[in-house]
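The chain that follows stands alone, in the form predicted alone, written as structure tokens.
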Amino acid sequence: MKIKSLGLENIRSVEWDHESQSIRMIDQRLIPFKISFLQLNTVDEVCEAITEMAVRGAPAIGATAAYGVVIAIKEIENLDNCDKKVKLDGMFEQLLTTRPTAIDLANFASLAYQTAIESNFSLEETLLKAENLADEMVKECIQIGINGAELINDGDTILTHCNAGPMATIDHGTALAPIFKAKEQGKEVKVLVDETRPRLQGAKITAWELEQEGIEHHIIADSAASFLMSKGQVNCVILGADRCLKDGTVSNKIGTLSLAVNAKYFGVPFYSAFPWSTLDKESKSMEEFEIEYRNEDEVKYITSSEDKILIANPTSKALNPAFDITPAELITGYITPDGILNKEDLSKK
């Protein structure tokens, strides 16, 4: 992606810094107010960045976790092999428990861990695996953009929720990739950006990414989406996914289910876009994994460029589920690297 304010082109939200032998990432908590880079040198720092959402978005978290295994190998390099295995196993479990819902984290970390074990804790081979996983992710996102752009007509208005752009996916995005590609093809596209309470990833990050690409957009309150659908002002909804089962059920950012129900009622096509690392081939139902509940302060406070501001009754408690579950019957199709699939196609993957 590009960051106009810094004059940067082709930058990734998460990458390996070969000079410092550490993870380099953009701190997403500060966007759009400030562009700041983090250097992560320990597994504890990697886990904190994931938990505190300095990095977020299922594919970006996955890449971070894979690089986290590389960091783990650096930390254990002076131990003997028996102790290395015990220590690496502990760090691997630590990475897996940072955020439980998005499956890319476990998929990427597991592949890097397997390489580490099979290569006798080789830093070079594990890093190569992590780099290849990140590169493949970027290629898949490019293909998602190409495939998804076929759904977008000149003059369309697309509604999206949360953030599934370059920040969330290393580069290019999932839900935003078709929009970027459509613009590249010369189509006039407008985007309605759900603010996405409680952390406002849409209002902060998606809007900023669209601005970088010069795409016309409006931020809307989450509760305005159904009204705009009812007025015929939304041609289709495109979102990402944090986990998709083979039966087509999707877990995604809280608010996705509400959009899907409204889109179905008003006859608006509803698409979920994701790379193959987001497909859960093992779970038979969404009951088999944990839906993350986060700290109530995320609901009761908002953060500006500098301050944390209380916006709710101070003594009230708040519930903060981070994700919801959308059944396949509410989803028109799935935008994948292999094309636009229906749930029957998906079941064969």
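Each residue number is its position in the shown sequence, starting from 1. Quantities reported herein were computed from a predicted structural model and do not represent experimental measurements.
This next part talks about the form predicted together with a small molecule, which is not shown.
Partner-proximal stretch of 219 to 227, 105 to 113, 168 to 176, 76 to 84 relative to the small molecule in the model of the complex, 4.5 angstroms, heavy atom: It is the stretch 168 to 176.
Does the small molecule come within 4.5 Å of any heavy atom of residue 190 in the model of the complex? Outside the cut-off, so no.
Would you please decide whether residue 49 lies within 4.5 angstroms of the small molecule in the model of the complex, comparing each non-hydrogen atom pair? Residue-level check for residue 49: no, no contact with the small molecule.
Is residue 58 near the small molecule? Define near as a heavy atom within 4.5 Å, in the model of the complex. Contact with the small molecule, yes.
Do residue 54 and the small molecule share at least one heavy atom pair within 4.5 Å in the model of the complex? Outside the cut-off, so no.
Pick from 241, 245, 133, 71: which residue has any heavy atom within 4.5 angstroms of the small molecule in the model of the complex? Selected residue: 241.
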